[in-house]
Every structure is written in C-alpha cells, then in structure tokens.
Ligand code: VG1
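A single chain comes next, written as structure tokens; it is the form predicted on its own.
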Amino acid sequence: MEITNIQTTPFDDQRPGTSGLRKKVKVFQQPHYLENFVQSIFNALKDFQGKTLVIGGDGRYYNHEAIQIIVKMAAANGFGKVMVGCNALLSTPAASCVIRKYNAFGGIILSASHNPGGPNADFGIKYNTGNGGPAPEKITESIYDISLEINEYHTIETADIDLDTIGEQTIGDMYVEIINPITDYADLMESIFDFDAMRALLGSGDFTMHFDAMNAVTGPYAYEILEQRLGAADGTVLRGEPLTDFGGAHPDPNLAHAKELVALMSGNNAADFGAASDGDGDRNMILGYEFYVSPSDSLAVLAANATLVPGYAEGLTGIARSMPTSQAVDRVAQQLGIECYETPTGWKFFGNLLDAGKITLCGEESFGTGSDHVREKDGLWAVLFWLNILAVRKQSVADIMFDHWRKYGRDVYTRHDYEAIPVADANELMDQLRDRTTELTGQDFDGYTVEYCDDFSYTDAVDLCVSSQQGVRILFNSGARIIYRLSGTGTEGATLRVYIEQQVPGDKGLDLDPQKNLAELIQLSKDIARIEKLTGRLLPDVIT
C-alpha cells in the first residue's frame, strides 16, 4: 500500500499546554490542522518503527474521525501495530494501563478532559510516552518547534477501519487491534483493591451510593466494576452512556457542574456515598451524606489510610502534590516519615518521581488523584480507594474526614476561577504580580503579614530540569496562602485560578464554611492582584 506525502504549511498555535493541545473542534477540522500536529508528534519521536502505538479517546465529538486519520498516519510513518479502544473509547487512565501492560512505545489520547463537547465545543490531543504518562516538556516543546516548520505529512489512502468490532485488521504492513477498552483496566483495579470487602459493603443493605459518569467515558467502566463485579444496585451508575456532547452538560466533576448528584446526597433519602468522574475519566469528586470532600483533603485521607488497601498495604514510598494543592497531605507525609514533593500543576511532573520510585501517591487540587499503578490521574481508582476505606473502617465519609482533621488539623481551602479572560489582560495581571513579589514580602494587610512571596520555580528531583513561572505564591505568617496561576486547560481566552488556604487546628475546623471562614483572605486575593481593575471581573465564574 503506497504512502502519500501531503504538502502543508505550519500553524503557529500548536504549542501543547499542561495536558496536550486543546482547541475548538472547528479549529481541528481545518484542512491539515490535526495532521500537522500528529506528524509533528511522530517527527519528534525516534526508533518507533515496527513498534506499538495505543490510540484512544473520551468519545467526544470528532473522536471517530480523528482516530481514522491518526491510524492511517501511524501506518504511513512505520508503526508496526496500533491498539485502539472499541467504539473509539479508551479512558485516559485506561490508556495508560494498556500502554504499560503491553509495553507499547507510547500512545495518543484524544480528549479535552473536563471541557464541554460537541461540534461547537472543545477537542484535544496529547502524546503519552512508554511509561504511560504525558510527554515531558522536552518532548512537547520539540513537537511545537517542529510544528512551526512542518511542510509535509505522511498518510495512506485507504478505507476507514472498523472501530466497532473487537479483533485484528491491517493497513498496509501495520496491524490494527481493536481491543475491549474496559477489561484490562477493570482487572487492574481488582488487583489493587479489596473487592470482597467492597462487595460485602454494597450488598449489606445498609449502604447506598451514586456514581455520576456525566455521559462521559467512565460510564461503561463504572458499570462493569461497580454494578457487575462489585454487585452495586442497578442504577448506581448515573448518566452512564457516553455521548459525543456529554448530553449538553459540562463534564467537570465539581459542585457547580454535578448539581444533580449533589442534590441526591442531601435529604431524607440521600445515599451514603456519592462520586463523579469527568469527560476522560481522570478526575473525581467525592461526596458523603450532605458532605463534600475537597480534592486536597481527599489526597490526604487516601495517604493516611493507604495501608487499608491491599495494593498499598506495605506503605508509601513518598507523596507528591501540585503546588496549588493544599498542604493537608504534607502533614500526613511528615507523620509517616516520608517525603512530600511540591510540583507544578500538570500530571507530567509526577512521572519522573513515580518512575524513580520516589512516590506512591500523588494528586492535584483540580480533582485529580493517582498512584504508581498508572501514569495518569485516575477518577474511578480514587472512588474505589474511598469505597475500600469505607468498607474497612465502617464509618461515614463525614466521620472519616472529621477524624482526620482532629488528628492532622484542617486546611480550609477554596479555588476561585475567572474564566475566558482576554489573554492580554490575564498576562498583565500575572506580570504585575511577578514584578511585585519583592515589594509584597513583609507587607501587612489588616493583620495578614506576608512572610514570603515568589514566582514558583521547580527543579525536577530526578532529571534536574527546571520549570519556571509556575504561579505566584503569597505565604502569610499565619500559615495562610494565596496562589495565582493561569490554567493551561482551556480553549477560549485565559482562566485565572486563585487558591486561598488557611490552616486551623482540628478541633476548631470541623464545621467551618470555607467561603465564610476565608472571606477576608478572598477579598485580599482580589485586592492584591487588582482583579477587578485589570479584568473587570467582580466575581469568579466557578468556586470550588
């Protein structure tokens, strides 16, 4: 079968962000746009001829069409085999699982994670390396550099493959294996967690749960694991059918976008345990009866209770958290006598630490938690971790959380997102904060004295690579923190994320409302950054 070389011209907007390249669907549908980026990925790689590439996605709009393009280009570029999830589905953590289990060269994942889907919404693509994790900056920067100079891409003119039937096909000399997207992942979960204890809890008649799959990729995984293997009641999985537009909803598992689940967790007929995952299955939200667990607190609880789970019974080697994540897990690590690493936001920064065996658990405040079982954050894994803890401790979510705060203290915490700010305005806001870090140090704001202020820079503990300008940190002598950073996961304008945190003793922090308790710091965060003046925004778009 003959290879076709297509002449093209570069696009200047293909720099990958923290989670790959994300744009509107219509941008990717431009002639040569997707092909240029895919060829740039292949051109940035070495020694992959004859090897295996995993391809999958979250099922959002344009997923099927993109996979057909990528498979043909993989054949033209010399891959020996591609493994594709049946029906073009493969959650992000499942893709990592498959890459690792079958020793694939790497993988291409089609997802814009928690962003909306549909013909007028978002699409994304990223490359994962052979360890199953997102490509490090040296590879993503190489991809971007190549994309600015690319003049041709390679494909094979042939009929589309059948994405809906498990089995093998061929394109030229390349094998195409359509795999069950669920089995390998579900088997991995069963090897980590105490399914017998969880099965007993769910079958006891005294425990109920809801899992909101948000019409996204996790639905089939949750159905297989929760309802089939663990015996949860029929209907435990809500909105379980993956839809190309996620049912018109925003597939982001937070209090703002999972209101139906939040409502089901309150009142006389509420369930004991509630959870949700996002568009591509890598994020999670944890709820108890009339109780919300912040992602930062969730990571700390998982770390403190890890030995209750068979897969972590021997203890943790270390923990890592992204810089904006609260310091709750730091105190757990200190008591366990293990290292706690502080990294920039972006799952790729955990990869070296995991591969080097320096950490077992890791997490971000943006509803992402994971471990060394894969190299991606993993939403359903986190839900099962909590379910395992609940089965062993036989306490409610709230009681487990209260016990944790009594022992370790509480970090009262919130994140305020200002979305779709004009990029120039957002950059001006961050630049003026960076210029004032020295000036702010030592200043007193109505009793809040700035002890330290910097623009966070990270030196990787393994390869010593330096990542700078990762967010402005303001640390107060009371232990409070305010952090500002621009998100790299949006497709329209810029999203300013502001993180506010205050440590309180456990016996005083059980019933605090974060928005009320942090009201002074929230106002201070607006004043210091001059948010209203520089963006025109009086209030955030999303509060978590």
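Start at 1 and count along the sequence shown; that's the residue number. Keep in mind it's a predicted model, so treat the numbers as computed, not measured.
Heads up, the form predicted together with the named molecule isn't pictured, but that's what we're talking about next.
**Q** Indicate whether S113 is a 4.5 Å heavy atom neighbour of the named molecule in the model of the complex.
**A** Within the cut-off, so yes.
**Q** Even though the partner isn't displayed, in the model of the complex is R239 close enough to the named molecule, meaning a heavy atom within 4.5 Å?
**A** Heavy-atom contact with the named molecule at 4.5 Å: absent for R239.
**Q** Classify K377 as contacting or not contacting the named molecule in the model of the complex by the rule of any non-hydrogen atom within 4.5 angstroms, answering yes or no.
**A** It does: once the named molecule is placed as it appears in the model of the complex, K377 has a heavy atom within 4.5 Å of it.
**Q** Looking at the partner-bound form in the model of the complex, is S487 within 4.5 Å of the named molecule by any heavy atom?
**A** S487: contacts the named molecule in the model of the complex.
**Q** From the list T140, S147, S326, T345, which entry has a heavy atom within 4.5 Å of the named molecule in the model of the complex?
**A** Filtering the options by heavy-atom distance leaves T345.
**Q** Among 69-77, 435-443, 273-281, 400-408, mark the stretch whose residues have heavy atoms within 4.5 Å of the named molecule in the model of the complex.
**A** Stretch with heavy atoms near the partner: 273-281.
**Q** Could you pull out the residues of 14-34 that have any heavy atom within 4.5 Å of the named molecule in the model of the complex?
**A** Residues within 4.5 Å: T18, S19, R22.
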